[in-house]
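Take a look at this one chain, the form predicted alone, written out in structure tokens.
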């Protein structure tokens, strides 16, 4: 059995650029990680050592983070990590901020070359530790053309608008697909944006899609061909958190902070570590009189005030008399003295001067853009 991997980093881009100038793949997460680390680590832990990363136009921070792939043991002469360059297509040219997976594969088709028998396709919008080998083995055991990983979970009509739902028979074979439905509620098989596909079939699908102008795996391939191809679901029952927009990012981060069991289900799974770029920093300095409660604080910070229920990335400074609550402060955020922050997310390099009082709400956090001074 040989397996290659493809990571999509530019999907869901429109959900974040209205607020944060980032793709979901490059979002900093829990003090030291980026969202792409989870998908990339899942592949490496499954011994997938030929990984292709499809980039978009705002890819510089992604390349800075991943580099040669050595932190994931992907700096190899054969296989390893391949960054597929950004491209211009009809979606980006018309001002749209995302494109379906099949459209992205069509654009990088000349660069795709696999010796492996199967390919795992993953988005970078989920926080989870999943055994991809189990999905691949299930895919092979049933001689499936495509196997889609799903989680049976409760959805409301509002939540269903951002999901793809697969209906399958008692044997796991897909017979119907609902794409972003507006009226679904109850327990449904919701896609977690991971699929396994035979390599030959993948290349044939891309060829056919170029010839016929298809753009969506779910709509143009699975939904239209389920009656004559062996498309299956794989039920995943582990912990998973999906980030579709800015509010999801804040809420998932706060849940991970508050729930130790949830953190352990992602970061303390035996033989499935989460890898990230290794950066050596000085220890965080806690000054006399400071206070920290229920918070995650990275290396290189300076804490002079009070931090509660918050997540601080590298190089953050909390000044004297300052109180930071329910907030996420990205790298190199500096707060002056006697500042009050509640439900605030600051991007990299933000400076908040003395005496400022800023507050959002759990349902609508206040965001401060990269390099801003207040």
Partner chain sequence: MYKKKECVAMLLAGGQGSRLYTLTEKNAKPAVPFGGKYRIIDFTLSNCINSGIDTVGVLTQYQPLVLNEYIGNGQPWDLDRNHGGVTVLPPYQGNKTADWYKGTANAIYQNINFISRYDPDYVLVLSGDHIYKMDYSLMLDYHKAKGADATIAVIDVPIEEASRFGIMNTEEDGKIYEFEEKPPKPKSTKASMGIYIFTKDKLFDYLRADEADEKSSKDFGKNIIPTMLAAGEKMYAYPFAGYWKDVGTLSSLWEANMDLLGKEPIFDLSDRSWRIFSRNDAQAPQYIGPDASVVNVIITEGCEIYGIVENSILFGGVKIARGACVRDSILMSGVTVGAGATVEYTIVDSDTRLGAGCSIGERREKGGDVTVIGSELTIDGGMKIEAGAQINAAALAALKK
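As the structure is a computational prediction, the values presented were derived from the model and not from experiment. Residue numbers count along the first chain shown, from 1.
The same protein also has a form predicted in complex with its partner chain, omitted here; what follows describes it.
Which one of 228, 285, 115, 212 is close to its partner chain in the predicted complex, taking close to mean a heavy atom within 4.5 Å?
Looking at the other structure, the residue within range turns out to be 285.
Counting any non-hydrogen atom inside 4.5 Å, which residue from 204, 278, 141, 75 sits next to its partner chain in the predicted complex?
Here the answer is residue option 278.
With a 4.5 Å heavy atom cut-off, would you call residue 289 a contact of its partner chain in the predicted complex?
Residue-level check for residue 289: yes, a contact with its partner chain.
Is residue 173 close to its partner chain in the predicted complex, meaning a heavy atom pair under 4.5 Å apart or at it?
No.
Partner contact for residue 133 in the predicted complex: its partner chain, 4.5 angstroms, heavy atom
Answer no; every heavy atom of residue 133 is more than 4.5 Å from its partner chain in the predicted complex.
Residue-level contact is defined here as any heavy atom of the residue lying within 4.5 Å of its partner chain in the predicted complex; does residue 197 satisfy this criterion?
Residue 197 lies outside the contact set for its partner chain.
Could you tell me if all three of 70, 296 and 299 have a heavy atom no more than 4.5 Å from its partner chain in the predicted complex?
Spot residues vs its partner chain: full contact, yes.
Listed range touching its partner chain, judged in the predicted complex by heavy atoms within 4.5 Å, from 253-261, 103-111, 213-221, 159-167:
Among the candidates, contact is made by 253-261.
Residue by residue through 20-47, which ones have a non-hydrogen atom no more than 4.5 angstroms from its partner chain in the predicted complex?
The stretch touches the partner through 30, 31, 32, 33.
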